[in-house]
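Starting off, we have a lone chain in the form predicted alone, written out as C-alpha coordinates.
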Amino acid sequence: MSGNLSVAIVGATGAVGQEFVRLLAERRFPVGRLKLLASRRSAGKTVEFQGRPHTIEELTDDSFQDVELALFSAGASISRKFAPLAAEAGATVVDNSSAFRMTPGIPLVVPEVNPEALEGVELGNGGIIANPNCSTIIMIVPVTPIHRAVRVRRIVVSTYQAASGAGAAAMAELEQQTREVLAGRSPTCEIFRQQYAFNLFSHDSGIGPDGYNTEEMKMVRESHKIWGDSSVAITATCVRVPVMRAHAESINLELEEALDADQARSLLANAHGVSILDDRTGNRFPTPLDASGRDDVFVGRIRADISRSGKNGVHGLDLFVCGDQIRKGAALNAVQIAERLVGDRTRRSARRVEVSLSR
(Lines give C-alpha, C1' and ligand atoms only; values in the text may rest on other atoms or scores of the structure.)
Protein backbone atom coordinates (compact mmCIF):
# COMPACT_ATOMS: atom_id res chain seq x y z
CA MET A 1 0.00 0.00 0.00
CA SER A 2 1.31 3.42 -0.88
CA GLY A 3 1.96 6.16 1.68
CA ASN A 4 -1.02 8.14 0.40
CA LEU A 5 -4.49 6.62 0.39
CA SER A 6 -7.17 6.32 -2.23
CA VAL A 7 -10.20 7.81 -0.43
CA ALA A 8 -13.86 7.92 -1.43
CA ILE A 9 -16.53 10.12 0.16
CA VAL A 10 -20.09 8.85 -0.28
CA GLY A 11 -22.65 11.64 0.10
CA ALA A 12 -20.12 14.28 -0.84
CA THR A 13 -22.69 17.04 -1.43
CA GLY A 14 -24.38 16.78 2.00
CA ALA A 15 -23.50 18.77 5.10
CA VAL A 16 -21.37 15.99 6.57
CA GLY A 17 -19.84 15.10 3.20
CA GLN A 18 -18.72 18.70 2.73
CA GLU A 19 -17.27 18.63 6.23
CA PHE A 20 -15.34 15.47 5.32
CA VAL A 21 -13.70 17.36 2.46
CA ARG A 22 -12.77 20.30 4.70
CA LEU A 23 -11.40 18.10 7.47
CA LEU A 24 -9.27 15.94 5.20
CA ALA A 25 -7.61 19.13 3.96
CA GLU A 26 -7.37 20.84 7.37
CA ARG A 27 -5.87 17.81 9.09
CA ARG A 28 -3.54 16.99 6.18
CA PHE A 29 -4.88 13.50 5.93
CA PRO A 30 -2.69 11.45 3.55
CA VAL A 31 -5.00 11.51 0.53
CA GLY A 32 -3.40 10.34 -2.70
CA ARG A 33 -6.59 10.13 -4.76
CA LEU A 34 -10.02 11.45 -3.79
CA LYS A 35 -13.30 10.18 -5.26
CA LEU A 36 -16.40 12.23 -4.52
CA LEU A 37 -19.57 10.15 -4.88
CA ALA A 38 -23.20 11.22 -4.78
CA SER A 39 -26.51 10.72 -6.55
CA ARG A 40 -26.97 11.04 -10.30
CA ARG A 41 -28.40 14.54 -9.98
CA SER A 42 -25.18 15.76 -8.34
CA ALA A 43 -22.80 14.04 -10.76
CA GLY A 44 -20.74 16.47 -12.79
CA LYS A 45 -20.63 19.19 -10.14
CA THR A 46 -17.21 20.13 -8.82
CA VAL A 47 -15.84 20.53 -5.30
CA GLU A 48 -12.45 22.04 -4.51
CA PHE A 49 -9.96 19.99 -2.51
CA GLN A 50 -6.35 21.01 -1.91
CA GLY A 51 -6.67 23.82 -4.41
CA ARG A 52 -7.95 21.66 -7.26
CA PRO A 53 -11.49 21.03 -8.53
CA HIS A 54 -12.74 17.46 -8.13
CA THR A 55 -15.69 16.27 -10.18
CA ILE A 56 -18.47 14.45 -8.34
CA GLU A 57 -19.21 11.00 -9.75
CA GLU A 58 -22.44 9.05 -9.61
CA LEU A 59 -22.41 6.35 -6.93
CA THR A 60 -22.61 2.90 -8.54
CA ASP A 61 -21.85 -0.69 -7.65
CA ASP A 62 -18.42 -0.32 -9.27
CA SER A 63 -17.39 2.92 -7.55
CA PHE A 64 -14.95 1.32 -5.10
CA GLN A 65 -12.35 -0.36 -7.27
CA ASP A 66 -8.88 0.51 -5.89
CA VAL A 67 -10.41 2.53 -3.00
CA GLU A 68 -8.67 1.92 0.34
CA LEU A 69 -10.85 4.12 2.61
CA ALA A 70 -14.54 4.96 2.08
CA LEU A 71 -16.24 7.56 4.27
CA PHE A 72 -20.02 7.20 4.10
CA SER A 73 -22.61 9.84 4.96
CA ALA A 74 -25.57 9.32 2.66
CA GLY A 75 -28.20 7.70 4.86
CA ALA A 76 -28.86 4.19 6.13
CA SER A 77 -30.48 2.81 2.98
CA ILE A 78 -27.50 3.85 0.82
CA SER A 79 -25.08 2.42 3.37
CA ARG A 80 -26.89 -0.90 3.57
CA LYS A 81 -26.60 -1.31 -0.18
CA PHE A 82 -23.18 0.13 -0.96
CA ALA A 83 -21.04 -0.26 2.19
CA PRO A 84 -20.84 -4.08 1.84
CA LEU A 85 -19.93 -3.63 -1.84
CA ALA A 86 -17.15 -1.23 -0.89
CA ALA A 87 -15.86 -3.60 1.78
CA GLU A 88 -15.93 -6.54 -0.66
CA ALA A 89 -13.86 -4.44 -3.09
CA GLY A 90 -11.23 -4.03 -0.35
CA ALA A 91 -12.11 -0.59 1.01
CA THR A 92 -12.24 -0.02 4.74
CA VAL A 93 -15.61 1.67 5.32
CA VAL A 94 -16.33 4.20 8.08
CA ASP A 95 -20.09 4.60 8.00
CA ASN A 96 -21.86 7.57 9.54
CA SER A 97 -25.40 6.14 9.28
CA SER A 98 -27.35 3.96 11.70
CA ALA A 99 -27.21 0.96 9.35
CA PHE A 100 -24.50 -1.09 11.10
CA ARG A 101 -24.11 0.44 14.55
CA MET A 102 -25.73 -2.41 16.43
CA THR A 103 -24.59 -5.19 14.09
CA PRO A 104 -22.58 -7.79 16.03
CA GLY A 105 -18.96 -7.89 14.96
CA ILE A 106 -18.95 -4.35 13.53
CA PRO A 107 -17.02 -1.92 15.76
CA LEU A 108 -18.89 1.16 17.01
CA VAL A 109 -16.11 3.61 17.78
CA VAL A 110 -15.41 6.93 19.49
CA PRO A 111 -11.60 7.23 19.37
CA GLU A 112 -11.35 9.03 22.74
CA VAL A 113 -13.42 6.28 24.37
CA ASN A 114 -12.89 2.82 22.83
CA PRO A 115 -10.03 2.83 20.28
CA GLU A 116 -9.32 -0.78 21.24
CA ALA A 117 -12.41 -1.74 19.21
CA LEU A 118 -10.31 -1.08 16.08
CA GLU A 119 -7.83 -3.83 16.91
CA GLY A 120 -7.36 -6.11 13.93
CA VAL A 121 -8.82 -3.64 11.41
CA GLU A 122 -6.42 -2.79 8.58
CA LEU A 123 -6.85 -0.04 6.01
CA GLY A 124 -7.48 -1.32 2.50
CA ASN A 125 -8.37 -4.77 3.78
CA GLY A 126 -12.16 -4.45 3.71
CA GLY A 127 -14.47 -4.27 6.69
CA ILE A 128 -17.00 -1.80 8.07
CA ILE A 129 -16.65 0.48 11.10
CA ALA A 130 -19.70 2.31 12.43
CA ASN A 131 -19.72 5.94 13.57
CA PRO A 132 -22.13 6.46 16.51
CA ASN A 133 -25.09 8.81 16.55
CA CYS A 134 -24.13 12.46 17.04
CA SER A 135 -26.00 12.80 20.35
CA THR A 136 -24.33 9.67 21.68
CA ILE A 137 -20.85 10.97 20.79
CA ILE A 138 -21.47 14.39 22.35
CA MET A 139 -22.62 12.73 25.57
CA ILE A 140 -20.14 9.89 25.87
CA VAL A 141 -16.94 11.91 25.29
CA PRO A 142 -17.28 13.94 28.54
CA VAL A 143 -19.07 11.26 30.57
CA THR A 144 -16.49 8.53 29.97
CA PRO A 145 -13.68 10.08 32.10
CA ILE A 146 -16.14 10.30 34.98
CA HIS A 147 -17.37 6.75 34.37
CA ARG A 148 -13.81 5.45 34.46
CA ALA A 149 -13.03 7.28 37.70
CA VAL A 150 -16.09 6.55 39.85
CA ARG A 151 -18.42 4.50 37.62
CA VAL A 152 -21.73 5.87 36.41
CA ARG A 153 -24.81 3.92 37.50
CA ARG A 154 -27.47 5.94 35.70
CA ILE A 155 -27.68 8.70 33.08
CA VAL A 156 -30.65 11.02 32.56
CA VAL A 157 -30.01 13.10 29.43
CA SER A 158 -32.09 15.71 27.63
CA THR A 159 -30.88 16.93 24.25
CA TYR A 160 -31.44 20.23 22.45
CA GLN A 161 -30.68 19.34 18.84
CA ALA A 162 -29.86 21.74 16.03
CA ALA A 163 -31.11 21.67 12.47
CA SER A 164 -27.71 20.38 11.33
CA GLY A 165 -28.68 16.98 12.75
CA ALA A 166 -31.22 16.61 9.94
CA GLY A 167 -28.83 17.71 7.20
CA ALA A 168 -28.27 20.63 4.88
CA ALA A 169 -31.90 20.72 3.68
CA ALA A 170 -33.18 21.12 7.25
CA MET A 171 -30.73 23.94 7.88
CA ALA A 172 -31.96 25.68 4.73
CA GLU A 173 -35.58 25.20 5.78
CA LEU A 174 -34.96 26.73 9.21
CA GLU A 175 -33.40 29.76 7.53
CA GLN A 176 -36.32 30.00 5.09
CA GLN A 177 -38.93 29.62 7.84
CA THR A 178 -37.28 32.33 9.92
CA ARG A 179 -37.58 34.80 7.04
CA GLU A 180 -41.16 33.74 6.35
CA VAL A 181 -42.35 34.01 9.96
CA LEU A 182 -40.68 37.41 10.45
CA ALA A 183 -42.44 38.59 7.27
CA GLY A 184 -45.79 37.37 8.61
CA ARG A 185 -46.10 34.51 6.13
CA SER A 186 -46.90 30.85 6.80
CA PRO A 187 -43.70 28.82 7.12
CA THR A 188 -42.70 26.22 4.56
CA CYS A 189 -42.79 22.80 6.27
CA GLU A 190 -41.27 20.24 3.90
CA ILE A 191 -38.48 18.69 5.99
CA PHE A 192 -40.42 18.91 9.24
CA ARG A 193 -44.19 18.61 9.62
CA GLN A 194 -44.49 21.63 11.88
CA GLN A 195 -43.01 25.09 12.31
CA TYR A 196 -39.37 24.93 13.42
CA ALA A 197 -38.49 28.63 13.51
CA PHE A 198 -39.16 30.18 16.95
CA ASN A 199 -40.39 26.79 18.19
CA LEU A 200 -39.14 23.49 19.55
CA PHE A 201 -40.58 19.99 19.47
CA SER A 202 -39.88 16.37 20.29
CA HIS A 203 -37.32 14.78 17.97
CA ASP A 204 -39.04 13.77 14.75
CA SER A 205 -37.86 10.14 14.68
CA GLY A 206 -40.39 7.32 15.05
CA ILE A 207 -41.83 6.54 18.46
CA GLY A 208 -41.96 2.96 19.70
CA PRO A 209 -44.60 1.26 21.87
CA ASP A 210 -42.69 2.24 25.02
CA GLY A 211 -43.00 5.95 24.14
CA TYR A 212 -39.30 6.44 23.35
CA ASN A 213 -38.32 7.70 19.93
CA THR A 214 -35.57 6.17 17.80
CA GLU A 215 -33.07 8.93 18.60
CA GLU A 216 -33.49 8.35 22.33
CA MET A 217 -33.02 4.61 22.03
CA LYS A 218 -29.90 5.10 19.90
CA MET A 219 -28.31 6.93 22.82
CA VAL A 220 -29.17 4.08 25.17
CA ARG A 221 -28.10 1.13 23.01
CA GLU A 222 -25.06 2.73 21.41
CA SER A 223 -23.63 3.86 24.75
CA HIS A 224 -23.97 0.33 26.09
CA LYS A 225 -22.12 -1.08 23.07
CA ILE A 226 -19.33 1.53 23.12
CA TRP A 227 -18.70 0.98 26.83
CA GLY A 228 -19.23 -2.77 26.59
CA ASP A 229 -21.48 -2.43 29.63
CA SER A 230 -25.27 -2.68 29.48
CA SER A 231 -25.69 -2.39 33.24
CA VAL A 232 -25.63 1.44 33.16
CA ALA A 233 -29.24 2.66 33.24
CA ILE A 234 -29.84 5.37 30.62
CA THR A 235 -32.96 7.38 29.82
CA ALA A 236 -33.09 10.13 27.20
CA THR A 237 -35.42 12.86 25.97
CA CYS A 238 -34.48 14.32 22.58
CA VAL A 239 -35.82 17.67 21.37
CA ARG A 240 -35.31 19.75 18.23
CA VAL A 241 -34.52 23.42 18.87
CA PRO A 242 -34.28 26.22 16.26
CA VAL A 243 -30.49 26.43 16.32
CA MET A 244 -28.58 26.13 13.06
CA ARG A 245 -25.58 24.09 14.17
CA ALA A 246 -24.29 22.22 17.28
CA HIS A 247 -26.28 20.19 19.78
CA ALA A 248 -26.62 20.85 23.52
CA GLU A 249 -27.33 18.28 26.22
CA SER A 250 -28.27 18.43 29.88
CA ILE A 251 -26.78 15.38 31.61
CA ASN A 252 -27.56 14.09 35.09
CA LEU A 253 -25.33 11.30 36.40
CA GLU A 254 -25.87 8.93 39.30
CA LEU A 255 -22.45 7.82 40.52
CA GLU A 256 -21.18 4.81 42.41
CA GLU A 257 -18.78 6.95 44.44
CA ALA A 258 -18.72 10.56 45.60
CA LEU A 259 -17.27 13.09 43.15
CA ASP A 260 -17.52 16.80 43.86
CA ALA A 261 -17.59 19.53 41.22
CA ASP A 262 -13.90 20.40 41.58
CA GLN A 263 -12.86 16.77 41.18
CA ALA A 264 -15.09 16.40 38.13
CA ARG A 265 -13.69 19.60 36.64
CA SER A 266 -10.14 18.29 37.13
CA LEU A 267 -11.00 14.99 35.42
CA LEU A 268 -12.59 16.78 32.48
CA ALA A 269 -9.75 19.29 32.17
CA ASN A 270 -7.40 16.39 31.46
CA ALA A 271 -9.75 14.54 29.11
CA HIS A 272 -8.96 14.43 25.40
CA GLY A 273 -11.65 16.02 23.24
CA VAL A 274 -13.14 18.11 26.05
CA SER A 275 -12.99 21.87 26.71
CA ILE A 276 -14.34 23.38 29.92
CA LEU A 277 -16.42 26.57 29.86
CA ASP A 278 -17.70 26.87 33.42
CA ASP A 279 -17.65 30.47 34.64
CA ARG A 280 -20.12 30.67 37.51
CA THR A 281 -19.22 34.26 38.40
CA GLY A 282 -19.85 35.50 34.88
CA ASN A 283 -22.76 33.08 34.30
CA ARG A 284 -20.92 31.92 31.19
CA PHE A 285 -21.40 28.34 30.10
CA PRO A 286 -21.33 26.39 26.80
CA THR A 287 -23.56 27.48 23.94
CA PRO A 288 -24.03 26.04 20.45
CA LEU A 289 -22.18 29.05 19.04
CA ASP A 290 -19.17 28.22 21.21
CA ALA A 291 -19.09 24.67 19.84
CA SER A 292 -19.84 25.43 16.18
CA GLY A 293 -16.87 24.66 13.99
CA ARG A 294 -14.87 23.35 16.95
CA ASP A 295 -13.48 19.88 17.51
CA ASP A 296 -14.04 19.54 21.27
CA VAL A 297 -17.17 18.95 23.30
CA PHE A 298 -17.65 21.94 25.60
CA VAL A 299 -18.66 21.24 29.22
CA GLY A 300 -20.06 23.54 31.89
CA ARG A 301 -22.65 23.81 34.70
CA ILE A 302 -20.51 21.23 36.53
CA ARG A 303 -22.21 20.79 39.89
CA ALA A 304 -23.25 18.22 42.45
CA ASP A 305 -26.84 17.05 42.17
CA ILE A 306 -28.31 18.43 45.39
CA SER A 307 -31.28 16.08 45.15
CA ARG A 308 -29.07 13.01 45.47
CA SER A 309 -25.51 13.65 46.59
CA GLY A 310 -24.71 11.66 49.69
CA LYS A 311 -28.31 10.78 50.48
CA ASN A 312 -28.75 7.06 51.11
CA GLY A 313 -25.31 6.49 49.64
CA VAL A 314 -26.34 7.88 46.23
CA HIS A 315 -24.15 10.50 44.57
CA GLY A 316 -25.02 12.69 41.62
CA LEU A 317 -23.49 15.17 39.20
CA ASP A 318 -24.96 17.56 36.62
CA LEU A 319 -23.32 18.72 33.38
CA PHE A 320 -24.37 20.88 30.45
CA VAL A 321 -22.51 20.14 27.22
CA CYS A 322 -22.42 21.42 23.62
CA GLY A 323 -20.82 19.80 20.59
CA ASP A 324 -20.79 20.44 16.87
CA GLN A 325 -23.02 17.75 15.38
CA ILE A 326 -21.53 18.02 11.90
CA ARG A 327 -17.97 18.02 13.15
CA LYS A 328 -17.33 15.89 16.27
CA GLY A 329 -20.80 14.38 16.09
CA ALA A 330 -20.20 13.07 12.57
CA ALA A 331 -17.35 13.91 10.17
CA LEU A 332 -14.54 14.53 12.64
CA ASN A 333 -15.19 11.33 14.59
CA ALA A 334 -15.01 9.33 11.34
CA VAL A 335 -11.81 11.06 10.24
CA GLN A 336 -10.27 10.45 13.68
CA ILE A 337 -11.07 6.75 13.25
CA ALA A 338 -9.32 6.80 9.88
CA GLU A 339 -6.33 8.63 11.39
CA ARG A 340 -5.96 5.90 13.99
CA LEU A 341 -6.00 3.27 11.27
CA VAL A 342 -3.30 5.20 9.39
CA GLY A 343 -1.22 5.34 12.58
CA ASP A 344 -1.67 1.60 13.13
CA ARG A 345 -0.60 0.93 9.55
CA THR A 346 2.50 3.09 9.98
CA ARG A 347 3.46 1.29 13.17
CA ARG A 348 3.03 -2.11 11.53
CA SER A 349 5.20 -1.02 8.60
CA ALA A 350 7.90 0.22 10.98
CA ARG A 351 7.88 -3.08 12.84
CA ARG A 352 8.25 -5.00 9.58
CA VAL A 353 11.25 -2.83 8.65
CA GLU A 354 12.82 -3.44 12.07
CA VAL A 355 12.35 -7.20 11.73
CA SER A 356 13.81 -7.14 8.22
CA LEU A 357 16.87 -5.14 9.33
CA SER A 358 17.47 -7.42 12.30
CA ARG A 359 17.76 -10.50 10.11
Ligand code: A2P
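Please read these numbers as outputs of a predicted model, since none were measured by experiment. Quick note: we count residues from 1 along the sequence shown, nothing fancier.
Only in words, not in the display: the form predicted in complex with this ligand, which the text now covers.
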Within 4.5 Å of this ligand in the predicted bound form, heavy atom basis, the matching stretch of 198-206, 146-154, 173-181, 160-168 is 160-168
**Triplet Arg41, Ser73 and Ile78 all within 4.5 Å of this ligand in the predicted bound form via a heavy atom** = yes
Note: exactly one of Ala334, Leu69, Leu317, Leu59 sits with a heavy atom within 4.5 Å of this ligand in the predicted bound form, namely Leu59
Checklist entry - With a 4.5 Å heavy atom cut-off, would you call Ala15 a contact of this ligand in the predicted bound form? => result yes
